[in-house]
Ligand code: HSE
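Let's start with one chain on its own, the form predicted on its own, as structure tokens.
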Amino acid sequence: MSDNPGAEGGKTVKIGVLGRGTVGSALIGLLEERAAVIEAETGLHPVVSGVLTRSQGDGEQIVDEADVIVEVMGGLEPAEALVRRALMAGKPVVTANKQLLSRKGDQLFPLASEHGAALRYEAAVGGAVPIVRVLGDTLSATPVERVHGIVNGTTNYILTAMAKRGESYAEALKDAQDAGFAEADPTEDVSGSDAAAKMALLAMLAFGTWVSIDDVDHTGIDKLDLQDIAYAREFDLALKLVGTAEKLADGSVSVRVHPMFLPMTHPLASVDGSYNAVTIESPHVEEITLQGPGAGGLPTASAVLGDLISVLHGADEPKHAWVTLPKAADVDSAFYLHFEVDDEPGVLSQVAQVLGLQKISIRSVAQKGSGDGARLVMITHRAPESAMAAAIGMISGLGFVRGEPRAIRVFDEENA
């Protein structure tokens, strides 16, 4: 920290900002706007000492000259090298980079502890939703059984537009881009990769075991169809991209991200627009749901600023005493199935026979004719996901099936 006095007589703290995109720009604005409040609260006057953009600035020089580093540039390089440089110099780092932490966190968190440097990442998971603080601090000694939620504001905005306004996927994506909730290249969001990285971090906090993004089975929303949402209404369900991290009865951990149909009574079913919501389940606290803005520069920058203030207060790096827990080989789920088929006798019975061979029972069925074809939609009872994959593979090869079947998970209130 510099001995130069701030506006209220406190010391100056130099903030190096790596990245000046939507979040970085919003953060710099907040630092200027809230500088006097931050100084009054911490005794330190924040000054942005350097900003790295794609075309300006020397990252290593910015790290070396700053007291605290804020990394909001995203990606792996040069972010990883600069974060390592800061941590090895004992400098606190605040980051919103979930891809970096979910791929390199098993190296970066121990490095931070080794050099006595805080590594804060609230903004990497839920935007303005303080889920990292709750799991890492408030509930750090509480046994958690499951964390599940909507952790990507872009996809939730798109699905809301499809459900509420009847827009196609392409129309809803364009709306999200025009509103600033989706990037020009939305692949990381719509593929489920962004949510998978966040769920890996939440699993690490909830269960005390390292989970890489590569351990997270994930599917995005880019293959969904308006027909799925229309049929969901017939079953009184809402379609969301849901991330789940849970510890199973055998002690293994399952982390996954998939589109999921939720009953309207579920707390996540009514979470619309760009909002995020995360539910924590524990025998000690039953169920806690946190909700708030999950996309956009200002909500994310606000979470970054909260971490920064914690660092200025001298908050320690949360300890990551990881144990090695096995990754679950298979989990059970109920499914929504959608088949485009020839309109001929015996189709339903043949599909049901294949499902029966995999010990999958059917809960409800809807069938509608369409010219010389038909749409066959059904909801199954819970079954191993591996069994469902095998059944879908067999049904796809039947001569009367047109196109690729769609299988979407359904939240089962009774057995979840």
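We number the residues from 1 along the sequence you see. Note that the coordinates shown come from a computational prediction; the quantities given were computed from them, not determined experimentally.
There is also a form predicted in complex with the ligand; it is not shown, and the following applies to it.
Site annotation in the predicted bound form: the residue of 105, 92, 153, 192 reaching within 4.5 Å of the ligand with a heavy atom is 153. The partner is absent here, but in the predicted bound form a heavy atom of 182, alone among 337, 182, 213, 161, sits within 4.5 Å of the ligand. Stretch 193-201 is the contacting one of 253-261, 193-201, 107-115, 239-247, since its residues have non-hydrogen atoms within 4.5 Å of the ligand in the predicted bound form. The ligand in the predicted bound form is approached by residue 98, whose closest heavy atom lies within 4.5 angstroms of it.
When contacts are judged by a 4.5 Å heavy atom cut-off, residue 294 counts as touching the ligand in the predicted bound form.
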